[in-house]
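Below, in structure tokens: the form predicted alone, a single chain.
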């Protein structure tokens, strides 16, 4: 029979090893893509690398019409930003509404979660059919935007619901009792407390929309977003240029997370009492 300290140490090593293997499984593909994106002009898409250079990043910048990823990248960024802002507003208001326990709030809750449970390819196809019947042409800034919001909103809503479940309503009641309006109470009391959840909902909205493929397939129209452009390039030819665009967008995602984190830190520092 092992001593409890030995069992505890052994359990810690086993769990640490499992977690290390999981992180390796999660990050190793991205590290491999990042490494192969620096292959030389004659380099392929597998090891061993033929030289080290920035050739494929230059190809990415000096792209021809057929493989120019800059317009799809800009569209994906604008679409993700719009979805992020919409997700924040709708998820906060929906979570606030559910807090009020209105009639039919359980039905409202489950209807909102349908966006997670429904298969993305079917949602996109069904929405495209409906828009066709209504005579509306698919476009990345209209039909794709709506289907993306239907996908990102449930995640933001669940995030805000978890935050509001830990929220003490007596703080709002105290502010209202002291004469503050509901708008002032929300702006000065509620919002600073739930701000981490608001930023989390915005990150969900941005990241889920940025690389969404199934819902974009039938609703984007002729102007492709980045995931669709990458898949189209995969059908034509697989080159390290795709690794370069993957590495660039990954770095861009980290920068976006850094901006959100800095904004959260700055806002929290601003509202903290000195």
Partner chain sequence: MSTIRIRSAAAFWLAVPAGTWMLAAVVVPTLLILWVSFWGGRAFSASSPLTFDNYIRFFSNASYLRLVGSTFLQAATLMAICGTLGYCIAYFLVCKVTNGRWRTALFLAFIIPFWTSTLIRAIAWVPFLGVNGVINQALMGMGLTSRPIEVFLYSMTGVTMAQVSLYTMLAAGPVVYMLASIPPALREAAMTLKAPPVTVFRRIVFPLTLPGVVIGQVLVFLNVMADFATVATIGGNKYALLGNLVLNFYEGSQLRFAAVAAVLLMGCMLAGVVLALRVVDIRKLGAR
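Basically, rigid core = biggest C-alpha set you can superpose within 1.5 Å across the two forms. Here the structure is a predicted model, which is why all the values come from computation and not from measurement. Positions refer to the first chain, counted from 1.
Omitted here: the form predicted in complex with its partner chain. The next part is about that form.
Put simply, residue 141 is far from its partner chain in the model of the complex: not one heavy atom of it is within 4.5 Å.
In the model of the complex, its partner chain stays beyond 4.5 Å of every heavy atom belonging to residue 197. The closest heavy atom approach of residue 15 to its partner chain in the model of the complex falls within 4.5 Å.
Although the partner is absent here, residue 25 lies within 4.5 Å of its partner chain in the model of the complex, judged by heavy atoms.
Contacts of stretch 120-141 with its partner chain in the model of the complex, defined by any heavy atom lying within 4.5 Å, are made by 121, 122, 123, 125, 126, 127, 128, 129, 130, 132, 133, listed in sequence order. Residue 237: CA moves less than 2 Å between this form and the one not shown after rigid-core fitting.
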